[in-house]
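A single chain comes next, written as structure tokens; it is the form predicted on its own.
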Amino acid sequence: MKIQFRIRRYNPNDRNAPEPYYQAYTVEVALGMTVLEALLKISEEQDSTLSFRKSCRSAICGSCAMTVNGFSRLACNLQVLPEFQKMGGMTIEPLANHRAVKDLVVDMTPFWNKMEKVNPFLMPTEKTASNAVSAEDEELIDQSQKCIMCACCNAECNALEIDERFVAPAALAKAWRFVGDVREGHGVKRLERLSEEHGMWDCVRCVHCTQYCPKGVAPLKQIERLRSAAMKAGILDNPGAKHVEAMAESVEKFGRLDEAAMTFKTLGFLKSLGKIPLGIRMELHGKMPHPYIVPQIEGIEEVREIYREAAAREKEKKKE
């Protein structure tokens, strides 16, 4: 079956075409052929100037990550025919949220810089170095150890799209691998650093990182674990933790989120005043939350009983 591949080309050194453009190639596709095999076929038989990364061809190294039909995928384990039948076409582009160097090759320097920021290595102390790692302990960090550094999660991250300084899901998932290790001796310091601006609380929970991770790392789950650990460690002086506390307090008090009041509790009075222009624009577009006239829901005592039970269980855990 012949299928047309529409590939985004870019060569900044080409004086005749220095801007990105799309080029079409027709490939005879066999059953079981992967996108990477199709690209290799194009490179070997039609256009040797086409640039893309590849290595293991076994979904282990992460080198061949690219955007296929609008989503981040590993070219080596994505079969062409099922994808074509599902999407009705084949458009290949470089990873989003990364600067293209040439064709499908992107600059990974920012990715590695973010990894370095989370100190991706174990830092035990004399006290923690001898801690035995149980099966349960290993299970807590097992998912985060499966990362192959393909950057698919970063490419799909909405927060990184608007803030290039955001540490991003790949590095945060890697951070949990060490924070969650019972042999780590500087977990609190790590969490304090990750709680700063552009850190873990800037994640917008779009779930795309987990949805498009090819190895089941579930970065969002690891980010949630980091946040939970930070709050249990008493690292609360930041907008993210304050927002969580405000949400919990609002549900316990009213049975629902009082978004109008939560802004003040999250940002404080003075910072909330700075949001007045934004509030006016939201009001003009019908997006401004208003305080409830009768805030409490029916059966509020049932909600509060859940809180009391959760508090009792947490107290019992601490005793154990």
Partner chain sequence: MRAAIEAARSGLDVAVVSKIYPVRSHSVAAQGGINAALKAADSWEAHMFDTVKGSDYLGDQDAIEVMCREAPSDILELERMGAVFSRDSEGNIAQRPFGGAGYPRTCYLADRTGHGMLHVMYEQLVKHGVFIYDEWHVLRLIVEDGSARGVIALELDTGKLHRLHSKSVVIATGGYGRVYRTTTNALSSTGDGMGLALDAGVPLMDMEFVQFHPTVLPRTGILMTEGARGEGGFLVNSKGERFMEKYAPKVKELASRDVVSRAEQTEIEEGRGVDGCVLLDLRHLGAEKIKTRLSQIRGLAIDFAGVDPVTTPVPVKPGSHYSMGGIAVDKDCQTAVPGLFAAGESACVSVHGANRLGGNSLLETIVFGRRAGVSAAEYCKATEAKPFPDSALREACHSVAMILKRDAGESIFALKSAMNDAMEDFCGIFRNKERLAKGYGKIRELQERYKKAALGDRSDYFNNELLHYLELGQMLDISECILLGAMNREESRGSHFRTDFPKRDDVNWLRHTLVHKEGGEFRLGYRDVSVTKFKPEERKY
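None of the values given here were measured: they were computed from a predicted structure. Numbering follows the first chain given and starts at 1.
Here the subject shifts to the form predicted together with the partner chain, a form of this protein not shown in this document.
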{"query": "Within 4.5 Å of the partner chain in the predicted complex, all of 49, 54 and 174 (non-hydrogen atom)", "finding": "yes"}
{"query": "Contact residue in the predicted complex, chosen from 235, 81, 105, 140 - any heavy atom within 4.5 Å of the partner chain", "finding": "105"}
{"query": "Single option in 115, 191, 218, 90 placed near the partner chain in the predicted complex, where near means a heavy atom within 4.5 Å", "finding": "115"}
{"query": "4.5 Å heavy atom contact, residue 148 and the partner chain in the predicted complex", "finding": "yes"}
{"query": "Contact test in the predicted complex: residue 58 vs the partner chain, heavy atoms, 4.5 Å", "finding": "yes"}
{"query": "Contact label in the predicted complex: residue 12 to the partner chain, heavy atom within 4.5 Å", "finding": "yes"}
{"query": "The partner chain contact in the predicted complex: residue 178, any heavy atom under 4.5 Å", "finding": "yes"}
{"query": "In the predicted complex: members of 33 to 52 within 4.5 Å of the partner chain, any heavy atom", "finding": "33, 34, 36, 37, 40, 43, 44, 48, 49, 50, 51, 52"}
